[in-house]
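First comes one chain, alone, set out as structure tokens in the form predicted alone.
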Amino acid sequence: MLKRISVAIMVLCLLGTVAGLTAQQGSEASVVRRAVRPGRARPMFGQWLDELSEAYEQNDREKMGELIEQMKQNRQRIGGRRGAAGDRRDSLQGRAVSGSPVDSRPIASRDADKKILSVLENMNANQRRGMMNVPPEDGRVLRLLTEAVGARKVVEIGTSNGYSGIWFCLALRSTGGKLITHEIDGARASLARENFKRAGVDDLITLVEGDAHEEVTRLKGPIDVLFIDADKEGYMDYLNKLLPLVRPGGLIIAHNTNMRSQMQDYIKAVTTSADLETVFLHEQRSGIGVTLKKR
């Protein structure tokens, strides 16, 4: 309990910094009160605090940064829901309505897809903690973009337990493509292999264990989609090494682009080159940067 109280005090300090940087209204005390109010929010905040405590004990700065970013995004969504509620009240009075996103679930068109989606749902419910997985809505974006470009070769930096890789496979089953994914942690790589097999997509995936900064030098092109979701300070190195292998018309997708302070060089590189076109999907929880390598 004393440890949790100490970490909670640290959280308040960190949230104060986030609030100052994002110029959001409301005191931090009110934010915490909203986060721990009765109902679903209380267990969600408790889990978030447990994960932050674990990351703090392990001195995992990247994980702590992601968790703080999640809290910031949750605060923004709370504000968005309040605005949406006001819009709905306005619509009842015949006024203009500014639409809100539809919270839908992916619909399987084939039995094999039903199996994959079932595994993804189970992983999201039971394996998220400590895995730094993309949120489900981000996974859907990865699937959509991959299938849209007809990708035959996808390279992923940061396998974790294989959650995002399985989202890619939903597209690759249709395009006839393959995924090469890199993971430095042996335990996570082993869990990913189990999940790939459970989802029935292990035949579409080559998992490479080791330091991706070194392993990617063995890759050959062309790469249709490159997904980077690993050490944020290393994004620029991955880009330098792999951009020449990305085909013209191919995509480089970067996760956690809301964490700009840790990847300023990458952001600058993909937004100032005449050979690249980049958009940021910051409506997504953690931020996604989508970069087109121009033809």
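Residue positions are given as counts along the sequence shown, with the first one as 1. Since this is a predicted model, take the numbers as computed values, not measurements.
Here the subject shifts to the form predicted together with a small molecule, a form of this protein not shown in this document.
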So which stretch, 169 to 177, 109 to 117, 150 to 158, 198 to 206, is the one near the small molecule in the predicted bound form (non-hydrogen atoms, 4.5 Å)? 150 to 158
I'd like to know whether Glu194 contacts the small molecule in the predicted bound form, with contact meaning heavy atoms within 4.5 angstroms. no
Please check if Phe227 has a heavy atom lying within 4.5 Å of any heavy atom of the small molecule in the predicted bound form. yes
Does the 4.5 Å heavy atom contact test between Asp231 and the small molecule in the predicted bound form come out positive? yes
Taking the small molecule as it sits in the predicted bound form, is Gly210 in contact with it (heavy atom to heavy atom, 4.5 Å or less)? yes
